[in-house]
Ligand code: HEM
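There is one chain below, alone, in structure tokens, taken in the form predicted alone.
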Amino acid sequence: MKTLLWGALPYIAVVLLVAGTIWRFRYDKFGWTTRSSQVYESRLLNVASPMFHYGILFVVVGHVMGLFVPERWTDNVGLNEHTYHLLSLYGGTAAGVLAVLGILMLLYRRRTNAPVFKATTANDKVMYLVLLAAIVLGMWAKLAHSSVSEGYDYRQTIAPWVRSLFTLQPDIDRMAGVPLLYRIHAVVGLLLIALVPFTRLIHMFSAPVQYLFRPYVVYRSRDEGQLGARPERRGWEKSKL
């Protein structure tokens, strides 16, 4: 089981992410969308959507910093372990709360707005469940194993395991002593990665690159003589056809 979870599951998730994205791009381009429901309701969406997106952006940045930046690098720039711990505790919790509140508001909107609820698929429900579980479990793990003075140093265990995956030599023994909540969070996170190509989360890989190279839109001014109402003419007008 240890080898399956920490040696095989990460690669399975990445294969599904890459293969699923390629398949989606080739055979479901018109489905590569958020399936926006803004046309049905926009007031609550304009609040909840930015909250979620900014929150999840900071969550991702925090994970990248914590998992891929070695501890000696932060030490070299003067960010000691205690300062990093406080930044992770308060900054990560704030980002997680912002993302969770955004999701809860989006779920409330979907449940209480009839047209939006009818447009919600089983796929959407699974996506929301896994996404919310991943964020909540991460916050729970951090708060359950942390205090202001000290906390679990995942940069000594989980981070080296994650970086070892890129060398194709996963150091699964690093995960042996990791607290249970962190391990569950990691498994749910890998499940979320595998689900991305098959849900509306696929839109995170979209960028309006072609917009930068679009042709100019030409605007022409109208003839001043043609402005205003055209004077009436008696009789039949000559056809231009």
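In case it trips you up, residue 1 is the first one in the sequence shown, and so on. The structure displayed is predicted, hence computed values, not measured ones.
Unshown form predicted together with the ligand; subsequent notes refer to it.
Proximity to the ligand in the model of the complex, defined as a heavy atom within 4.5 Å, singles out one entry of I56, L181, M65, L190, which is I56. Only one of the listed residues (L106, A141, V130, L98) places a non-hydrogen atom within 4.5 angstroms of the ligand in the model of the complex, and that residue is L106.
Of the heavy atoms in R174, none are within 4.5 Å of the ligand in the model of the complex. Put simply, F52 is close to the ligand in the model of the complex: some heavy atom of it is within 4.5 Å.
Within this chain, A207 lines the site of the ligand in the model of the complex, having a heavy atom no more than 4.5 Å away. By the criterion of a heavy atom within 4.5 Å, L201 is counted among the residues contacting the ligand in the model of the complex. In plain terms, the part of the chain that comes close to the ligand in the model of the complex, with a heavy atom within 4.5 Å, is 36-44 out of 23-31, 65-73, 181-189, 36-44.
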